[in-house]
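Just one chain is shown here, as structure tokens, and it is the form predicted on its own.
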């Protein structure tokens, strides 16, 4: 990982001056701030993401004045509320509770479905966005019963997304309770034997039926049901082979699809005998497909600082943009999280060879070559240390 622009580009005074100037103009017109600002602790980054913390502000105007005077490259604030946010050590702050926050930044660089673009990869951004949608819709809204008006989602400004839940009940959750929520989301302690059980109806060893989740199930039972049901409904020879299901077994399943699916809807997973190993494989597959990777420490650390939504990210120059859930499906960071003038251009010398897809266009870069690029592209490349301003 390269160091942030503020430390690494001190030799590039022109580039540094441009970025600082544009960051300042952004904060002059945008003025982001969090809910309940006076109860929050703030941290700021000039040479890294957080150089110092334990800063507080008495008003929104004081906060904006600080941004315009100091022009930090990174702005973070506490997920917790305090009586005295700037006090040290931590036990003197007067902890009042903390928002429930999730950070998704899973790397998809090695995802075999695409050729990764190390300059800026739209595929990786799309995959993490899909995780964000699943976390919001499948877990927070459906399973945990969070109200949509209590949920705030913002793009991190770089690789991932942050989800904030703000209500009085969740603010009082302990670190241990938050770890239990994480365990549920990541399926780290999920016991699959709880979801498929044998019900004996006679004296012989084989006198049993297999009971499992039905279409009316909820939570993880519903997720397991949905994945297994969908597989049985749609799988062809290739998919059976990928799951190491024999061709003979696959033939029996395809010949009896309708019966198996109808029985599954009722919670009877025993329409076709000898399916025990098939169900085990499909449930394990469901866990992989339905669980999520999150940065656990962000969620259970009650004194965590996290990037301020609608602030700028010093490694990209992108906005950590707040996004309504109903607009998240169409959101593209490299088009919709841009902060600067698309008509203004700058000459830069590229330090890399490749393609930068930004602002709806593809810019071809060659190492050592001068090129004129839109300002959003110039700021991004300068922040990423992939170019020098000329």
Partner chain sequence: MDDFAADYPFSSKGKELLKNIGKEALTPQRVETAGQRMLDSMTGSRTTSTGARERAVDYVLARILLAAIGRPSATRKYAAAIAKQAVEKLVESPEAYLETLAKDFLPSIRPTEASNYSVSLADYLTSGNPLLYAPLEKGQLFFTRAELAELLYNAIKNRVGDLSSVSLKTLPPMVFEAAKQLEPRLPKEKLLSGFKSGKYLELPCIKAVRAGAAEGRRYYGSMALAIACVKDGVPKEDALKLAFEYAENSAKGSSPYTAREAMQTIDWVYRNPSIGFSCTKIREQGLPTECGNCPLANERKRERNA
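The shown structure was predicted, so the numbers you read here are calculated from the model rather than taken from an experiment. Positions refer to the first chain, counted from 1.
Here the subject shifts to the form predicted together with the partner chain, a form of this protein not shown in this document.
With the partner omitted here, the residue from 176, 115, 236, 206 that has a non-hydrogen atom within 4.5 angstroms of the partner chain in the model of the complex is 176. Here is the short version: of 188, 230, 200, 277, the single residue with a heavy atom within 4.5 Å of the partner chain in the model of the complex is 188. Proximity of 184, 194 and 296 to the partner chain in the model of the complex is complete: all three residues have a non-hydrogen atom within 4.5 angstroms. Although the partner is absent here, residue 169 is a contact residue: one of its heavy atoms lies within 4.5 angstroms of the partner chain in the model of the complex. Residue contact check for residue 143: one or more of its heavy atoms lie within 4.5 Å of the partner chain in the model of the complex. Put simply, residue 240 is far from the partner chain in the model of the complex: not one heavy atom of it is within 4.5 Å. Among heavy atoms of residue 180, some come within 4.5 Å of the partner chain in the model of the complex.
Remark: of stretches 120-128, 218-226, 79-87, 101-109, the one touching the partner chain in the model of the complex is 218-226 (heavy atom within 4.5 Å). Along 275-301, residues 284, 296, 300 each place a heavy atom within 4.5 Å of the partner chain in the model of the complex.
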